[in-house]
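Given as structure tokens, the chain that follows is alone and in the form predicted on its own.
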């Protein structure tokens, strides 16, 4: 709902539809008939936030209740924020137009460390005290979830409650409790004491942190009603978990304008650099019938012309070919495309290729991650050069003319030979096109190489490793460019300074809260966007706070160091991660979960069960 004070601003901004609400399938309720109002905040632009599956699930979940109303809130772009501040317009929920400070629960999904300053900016713009110590009344309660909260310590100055793990069940439990305490007229502290007793709820202020003289963590001490460690929540049965029957349909194009079908959670692979592959364990699949039904319902309710299958590794779904055949029965006659992101080169079969030939052909994307076999073994990619070449040959034969390859640079044990290996492997992928007699004549092939800068993350075997310096990454980027000798191979890579900040915040402690606060005061926001990122702001903030980025990013950690995220239990044994780290330095691999269970410990979160184990 667009309120009067907002209307005059809309014709002065780039994309007014970001701020109007009123889209198809959005939910509007009578605020006087609900007991709790929930603002789901995505700390980035509308186009990115509206593409996020977690938002769609929790928006639908909360609005399925008669006693609660969930609205969407996104970070306004610079042009709109300027006008809002000049005209005294507070950040508001899209459904009602009411300011953020009027909501009971304010939930942020933390998908990326470089969105932290946007959290502060959104709270401030919505007239909510930025620092949690300045919030005195029972509501609003500021909550954070998402992958970044596996180490929430850098943002604990601003967040009242942290929800590690999956939110479908714990969100309802938290809403029930807050409604109860609103009706009783409880104090903020009384509510937080009871909330700390809910499994999977972390109340940062109920933990005291002590530091050693060298700046490392000495001790975490739990206070009040808080447990010693907080175990993440998971949803055991995805077939019966809440999933939307319709999505809100934006008026403008978003990053992902399509139906999204979630096929499974977790990953069987154990790539040592990949945080998601560890923190989303144990592996749990949906049935093909469930996915097919959910995709068809959403497609009918939205009119989207594409269905995308969502997981960390879609081709690892055990019923993938059955699922595709089910989807094609209705998708092809209805002229709906089916997209399969996250394909693996080591299980890309002829059968899967033949099914994909039935749909519109865009480029295929694969992720070898490293250019040499030694380094692929070190990161436990379990992909060979033969796998990559075989898959490329199948794709060229199948009529595709473009392939995108994802790599990383700055990986532990990496050398310049490994960087050159990226160019060499890409050239071999291109060469196989011309060696393939079944290729489609008259087309010009292209190989796109995308290189991300490696960032060590918590709950991975590389959480002890130093991050590559910006100077080293720049040298490697230059070496890669000089090693590519074909115009049909294009290379792109990430800005190294943003990767440095990401690494600092990913493994940071509570002391970084004052750095984030100062950087925001200096104007930092939308730090993941090149046009906004100002590294000098951050360096000044570190200096003024007496801290250095190098302490967090570039030093080797000892195996016995206490980490800021040790207060969280994501199910993965630390001993297992240490073993994996040692194997990485010897370039030894670990089989994927379906070949052999490696006893990582995550099955304890699901009653001792892990769907990836051999039955």
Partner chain sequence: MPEPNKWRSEVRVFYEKTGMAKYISHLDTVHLFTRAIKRAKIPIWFTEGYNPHAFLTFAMPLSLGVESYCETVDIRLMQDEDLEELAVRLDNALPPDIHISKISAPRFSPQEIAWADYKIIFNCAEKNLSLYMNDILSGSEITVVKKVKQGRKKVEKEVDIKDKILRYIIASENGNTVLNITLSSGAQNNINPSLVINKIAEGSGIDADRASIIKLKSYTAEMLEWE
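Positions refer to the first chain, counted from 1. No experiment lies behind these values; they were computed from the predicted model shown.
One more form of this protein exists, namely the form predicted in complex with its partner chain; it is left out here, but the text below deals with it.
Taking non-hydrogen atoms only, residue 251 approaches its partner chain to within 4.5 angstroms in the predicted complex. A residue is said to contact a partner when one of its heavy atoms sits within 4.5 Å of a partner heavy atom; residue 598 fails this definition for its partner chain in the predicted complex, lying far away. When contacts are judged by a 4.5 Å heavy atom cut-off, residue 184 does not count as touching its partner chain in the predicted complex. In the predicted complex, residue 300 approaches its partner chain with a heavy atom inside 4.5 Å. Proximity of 374, 546 and 549 to its partner chain in the predicted complex is absent: no residue of the three has a non-hydrogen atom within 4.5 angstroms. Just one listed stretch, out of 512 to 520, 330 to 338, 283 to 291, 387 to 395, contacts its partner chain in the predicted complex at the 4.5 Å heavy atom level, and that stretch is 330 to 338. In the predicted complex, the residues of 1 to 25 lying within 4.5 Å of its partner chain by at least one heavy atom are, in order, 2, 7, 8, 10, 11, 12, 16, 17, 20, 22, 24.
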